[in-house]
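Alright, here's a single protein chain in two forms, structure 1 and structure 2, each given by itself as C-alpha cells.
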Structure 1
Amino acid sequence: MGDAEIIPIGTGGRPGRGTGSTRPSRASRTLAGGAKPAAHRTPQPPPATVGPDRKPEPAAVHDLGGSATRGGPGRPATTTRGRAPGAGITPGEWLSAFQTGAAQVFGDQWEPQLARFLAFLRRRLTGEYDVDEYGFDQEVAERLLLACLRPIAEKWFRIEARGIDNLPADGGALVVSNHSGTLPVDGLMTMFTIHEHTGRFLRPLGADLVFRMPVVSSLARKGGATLACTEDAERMLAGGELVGVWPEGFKGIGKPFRERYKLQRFGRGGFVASAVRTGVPIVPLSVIGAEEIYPLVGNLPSLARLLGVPYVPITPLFPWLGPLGLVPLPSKWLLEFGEPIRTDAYDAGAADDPMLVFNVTDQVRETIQQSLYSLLMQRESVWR
C-alpha cells in the first residue's frame, strides 16, 4: 500500500487533474457547454461612462453555456430581480388556491360553515341575539361552550350515557347528581351529554364562588348557570327548564381520593323542597370516572384561606408539573340517569314538611349511592 500511486477521484485515471492546476479538466469543459476556459477568454472592456446624453447599455446575463440573454444563442436565464410579490398571479388563481386549501383543511362543507360563522359574528357585533333574564345566551352556549367540550367528552373521557330516556322531553325537571373530581368538570360533562342526546339545555345551580370570579362568572351566566338559591331554582322549574344540582357542593369535589364514590351530606334538602313546590320530577344521576381525573392526595388549608377558596388541591401531578398538572387524566366516564322520582302527587304545603323533605332527600341520595356501587362493580377498568 505504501508504494501505490494515489489517483484523485474524477480525473479519468490520470494524475495531475483536480490537484490545483489552472487548466480545467475535460469534464469541466463538457459541463460548461463548450465554453472557453476563463484563462483564455478575451478580457471585457470596462463599462463606458454614462454621459448626460447617453443611456447605459444593459449588462449581459450569461447562462451556463456562456451565452448572453441579449443576442446570445443560449437559453435565456431566469431571474426574479425587480419582480413584485405576487406578480403574474391572477385573482382567479388566488381564489382557486384558497378554495382548494380550505377544502383540504375544513372539508367540502367549509363554505356553509364559513357563512354560518360570519353570520354569528355579525349578530354578536350588532347585538341581534337574545339573552334571558338569568343571562343565558343560547347561541354562546351551543356554538362556543358545548362545541369546545365535544372533543373532550368524546375523545378524552369517552362518555357513555345510560337511561337518557328518563329525562323528560319537555317541561321542568330537577337533575340531582353526585359531585367529584377536585374541579367541577363533571357539571360541564353533564351539560354536554344531556344536550347531545336530548337537545335540551341543562341549567346548573352554581355556588357563590363561581359568580365571584371575573371571567368564569360571565361565561357561566351565558352558559346557562345561575346562583343556587331557592327563588331562581323554583322560577326555572316552573318555567319548564331542566335544572341541575349537585347537593354535595365543595365537600364532594374536594374530598380525598381514598373516599372516592362515597357520597357526602346532601345539605338540608332545599332542592327537594323546590321540586315538591313546583311539582316536577327528580331525576337521580350517577357519574363514574370523574373521581380519577385529579386524584386529591393533599390540601393546603392555610393557602386556601388566604386565597378565599374552599381548598388548594395537591394531586400526583399538581403543582409538581406546573400547568401540565392541570391536564385531567383520561378516565372512562359513565353517566346513568335513574328512574324519575315524582313529586306531583304531594299536597301544596308538603314542601314545608321537614320530615317529608328529609325522607325524599334520603331516597334520592340512597338511589345515587347504590347506583354508584353497581356501576363500579360493572366497570372493568378506570381507563376503558
Structure 2
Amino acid sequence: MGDAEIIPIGTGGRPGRGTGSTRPSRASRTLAGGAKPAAHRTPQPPPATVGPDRKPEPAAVHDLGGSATRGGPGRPATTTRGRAPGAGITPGEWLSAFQTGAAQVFGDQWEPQLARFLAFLRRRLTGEYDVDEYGFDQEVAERLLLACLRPIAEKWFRIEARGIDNLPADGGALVVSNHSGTLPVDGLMTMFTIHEHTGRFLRPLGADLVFRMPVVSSLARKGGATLACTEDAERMLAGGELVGVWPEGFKGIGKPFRERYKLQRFGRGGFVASAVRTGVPIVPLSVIGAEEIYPLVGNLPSLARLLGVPYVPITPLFPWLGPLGLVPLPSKWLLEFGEPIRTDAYDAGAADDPMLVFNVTDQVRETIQQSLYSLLMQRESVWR
C-alpha cells in the first residue's frame, strides 16, 4: 500500500486558489478553523489512506468508511477518494442491489413483471401505442388515471354503488347523471366506479370549455372524453360505447350550496334525441355526496369573465387556504344507477318530435330527482 503514488488535484497539491502561492488564501484559512492551519492541512495526504482506491479489488467500497476514520486522527474525513465513492461499486453489486430492489417493488415474480413494465415504458417512449378516433388512450386511462382515482374513491369518498346491474354489459347506453361539486369530480368518480364494477369505460361528453383549456383538454381526450355535441354523442352511441352526459352542465356544477340536490334545467334534451335516434337505453344516475366536497358559497363573476370561465368559486376553504383549499371535503358518496329507460321502441321519426323528447327528458329528470331524495334519506350524515 505504501507504494501507491499520489495524484494531486488541480493546483499541483498546493493549497490556495491555484495562484501558485504556497500560502493558503485568507478564505481557506478562516474555513480551516484558524489556529494552526499549516500544521494539519498538509498539501499531500498520507499515502496510506489513498492506497485502497488505487487497487481494483471489489471490496474497496467497504474499506472506504473505515480508512477515512483511520487516516490521521486530526484530519477531517473528507479526502480526495472520499469524494468519488461510486468508483468502488462493481457492476455485480449494482446488479444484486437492482435485483433486490426489483423484488421489493414487483414481488417474487419480478422478472416477468419488470419485463412487462419495461415493455410498457418502451411503448410510451417510442409512441408505439394506439388511440381511438376520439383520442382515447386506454393504457393511460387504465394504468394512470383510474389508478390515481382509486384511493380517492375508496378511502376518501368511500363510494358506494347501487344498481350496477342496470348498466348493460355490452352495447351502447347513455348514462345521464346529476352534476354538482364545483369541479367535475363527480364525472371522474363515476368513470372510476363504472370501470371498477363492469370493466367498461364511461366516455364522458364535456363542454367545449374543457377542450379549450390547456392540459385539461389533452387529458380529457386521453381519458375518453369528447365534445358534448349531437354528432359525437350519436357517433359514440352507435359505436356501442357507454356514454356519460351531465345535462345540467355549468348550471348544475356551479350552483350555490344552498341549492344542493335541486336539479337544474336539463339543457335542451339533445341527449334524449341522440339516444332515441341510436335506439340505446338511457340509464339515470343519481350521485349523492359530490355537493359537499366544495360547498360553493360565493362567486366572483367579474374575475370569471376576465378568465373566460363560467364561475370562480369561493368555498369555506378556497381561496383562503390557497392550494390547501383545493382538498375536497371527505363526504360520503352514494351512486345509484336507475332502471334503464328503453328508447328502441320509438319509431324512426321520434327524435324529431319535440314533445316526445321533452317528455322523456322530464321522465329522466324526475327519476333522478326522486332517487336523490330517497338516497339523502338513507344517508346517515354528510360524512358517514
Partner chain sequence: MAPGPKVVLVTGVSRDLGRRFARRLAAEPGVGRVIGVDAVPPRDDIGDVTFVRADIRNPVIAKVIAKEDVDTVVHMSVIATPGSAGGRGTMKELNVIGTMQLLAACQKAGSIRRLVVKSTSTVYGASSRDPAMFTEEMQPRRQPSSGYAKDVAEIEGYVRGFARRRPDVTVTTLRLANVLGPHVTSPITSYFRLPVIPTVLGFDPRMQFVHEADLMRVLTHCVHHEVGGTFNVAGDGVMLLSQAVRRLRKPAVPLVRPAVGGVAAVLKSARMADFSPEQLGFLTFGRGIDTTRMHTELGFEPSFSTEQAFADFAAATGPVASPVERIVDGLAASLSDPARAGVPGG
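None of the values given here were measured: they were computed from a predicted structure. What we label the rigid core is the largest C-alpha set whose atoms superpose within 1.5 Å from one form to the other. Structure 1's sequence is the ruler for residue numbers, which start at 1.
Structure 2, rather than structure 1, originates from the form predicted together with its partner chain.
Hinge residue for the rigid-body motion between the two structures, chosen from Glu336, Trp156, His179, Leu114: Leu114. Rigid-part rotation between the two structures: 21° for the smaller part relative to the larger (C-alpha based, whole degrees). Here the rigid core is superposed, and Glu93 then shows its C-alpha moved by 5.4 angstrom between the two structures.
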